[in-house]
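The data below hold one chain only, encoded as structure tokens and taken in the form predicted alone.
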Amino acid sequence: MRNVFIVAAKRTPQVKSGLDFKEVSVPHLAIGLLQNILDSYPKIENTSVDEVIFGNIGAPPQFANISRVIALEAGLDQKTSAYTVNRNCAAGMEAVAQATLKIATSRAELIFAGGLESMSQMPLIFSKEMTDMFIELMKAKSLKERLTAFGRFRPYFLKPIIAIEKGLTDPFCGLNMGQTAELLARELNITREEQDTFANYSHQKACAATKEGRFHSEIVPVLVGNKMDRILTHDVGPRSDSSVERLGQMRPFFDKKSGSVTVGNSCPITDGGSALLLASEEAVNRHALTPLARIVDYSFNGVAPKYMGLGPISSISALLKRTGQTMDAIDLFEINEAFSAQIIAVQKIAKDAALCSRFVGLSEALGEIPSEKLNVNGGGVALGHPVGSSGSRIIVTLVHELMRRRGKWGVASLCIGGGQGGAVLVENLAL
């Protein structure tokens, strides 16, 4: 198994859905990232990249294999292979994992991998009754048959089905993602105040990182606006005016009678993209590249769907066992914040052997995830969670922050809708 190096790691700003990215064609949430990286490495010819692998959940109908569109629009040669992957919230991480495996096993030398999502452009779906009526209309060969088909119409046929709402509901346990967070909050006695305090801190950290320019090295600006005449350089989501008091005024969203999870202490629905250029040692030498980091290993593991938010505990545990690494040696953790309650639950359970056994089935405690090492520039509650991109976005952010702090080891992890967890261990080489 060969070493796999991260040569470049970039992302777009992350933007709340319905705002600056609502009109941006979905592939362009990644095309500019590839072009930016290629411009930075002129010795990489457009024929040198073996493959492009991106994670995407929404799958825009006009871009069925969106990775292929990204590859060609970015200027890569038509011989460059491309395919799109889906592992729910970890789709971007799955893309990185597959690229890692291909390079490690000598199936490729250079691969672009990442994820993207335009949650603004996820569609509304017609009901089955309305769809059946359209089918009958298409089959109709006479005016009488058309009128008969129209005669079956009822106003309730027009009630749309919200695709994103369906996608965020688990078909096995019947709970949507917010309800799984409510379940953890109840079973672990996580209070509303704890959740709002965590959310407020996430916003404070993200705003401070933006103000101090800590995201500058990882963000590639994007042209936005109706006339594409404005450059967006920063995330649109973190709130500088956030406070625990203001968050406390929001009503529960997923359990309106007795719940504690609100839109304020949950990740917002967000658009964005992220990309990494991965290379073998041979490719690094051939193209005179300077690696930023090394991907040591990755792990994906399943947990009970109703406890899907605990996936990071299972996947980090398996990852550390595979690599022989310890929790104490990890300098930084980037764990996607789907919900404040979920991250608080991960921290609480990880350090308790009995809870690890009860909720995740581990024979021992994972270990403490110190708050001072966790999402130091804010996380998904402030920055958002563009589903197909988050798995690769947290790797991008982790690599840059390790470099900035001169830390050596970092873990990126996230929970995955459906009851899974994913984790990646990286080694900073820019020391």
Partner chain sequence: MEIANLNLSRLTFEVKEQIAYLGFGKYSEKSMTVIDRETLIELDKLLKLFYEEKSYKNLDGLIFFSHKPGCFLAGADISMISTLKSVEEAFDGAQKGQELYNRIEDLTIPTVACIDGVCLGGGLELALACRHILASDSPKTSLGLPEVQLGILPGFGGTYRLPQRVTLPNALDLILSGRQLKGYKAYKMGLADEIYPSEYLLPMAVKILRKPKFFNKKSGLKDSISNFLQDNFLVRKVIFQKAREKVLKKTRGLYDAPLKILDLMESGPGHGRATYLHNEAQAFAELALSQQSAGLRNIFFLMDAAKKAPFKTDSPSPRTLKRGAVVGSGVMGGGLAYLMSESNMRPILKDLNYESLEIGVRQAALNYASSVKKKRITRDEWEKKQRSIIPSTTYHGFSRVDLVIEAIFEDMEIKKRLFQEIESKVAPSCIITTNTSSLSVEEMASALQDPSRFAGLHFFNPVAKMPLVEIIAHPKCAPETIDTLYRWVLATKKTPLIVKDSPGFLVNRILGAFIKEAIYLLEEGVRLQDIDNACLNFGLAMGPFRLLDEVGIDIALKVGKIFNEKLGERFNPAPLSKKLEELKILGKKGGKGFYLYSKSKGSGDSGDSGDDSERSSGSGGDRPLEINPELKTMLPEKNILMDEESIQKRLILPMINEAAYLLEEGVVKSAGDVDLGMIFGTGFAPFRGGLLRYADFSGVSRIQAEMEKFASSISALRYAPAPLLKKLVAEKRNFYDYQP
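Not measured: the values here are computed from a predicted model. Positions refer to the first chain, counted from 1.
The form predicted together with the partner chain is left out here; the points below concern that form.
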Since the chain is shown here on its own, which stretch among 150-158, 222-230, 357-365, 130-138 would lie within 4.5 Å of the partner chain in the predicted complex, judged by heavy atoms? 222-230
Answer key: of Ile369, Met403, Val376, Leu38, within 4.5 Å of the partner chain in the predicted complex (heavy atoms) is Leu38
If you check in the predicted complex, is Pro42 within 4.5 Å of the partner chain, heavy atoms only? yes
Does the partner chain come within 4.5 Å of any heavy atom of Arg68 in the predicted complex? no
With heavy atoms only and a cut-off of 4.5 Å, decide whether Asp331 touches the partner chain in the predicted complex. no
Under a 4.5 Å heavy atom criterion, is Glu73 part of the interface with the partner chain in the predicted complex? yes
Could you list which residues of 2-33 come within 4.5 Å of the partner chain in the predicted complex, counting heavy atoms only? Glu23, Val24, Ser25, His28
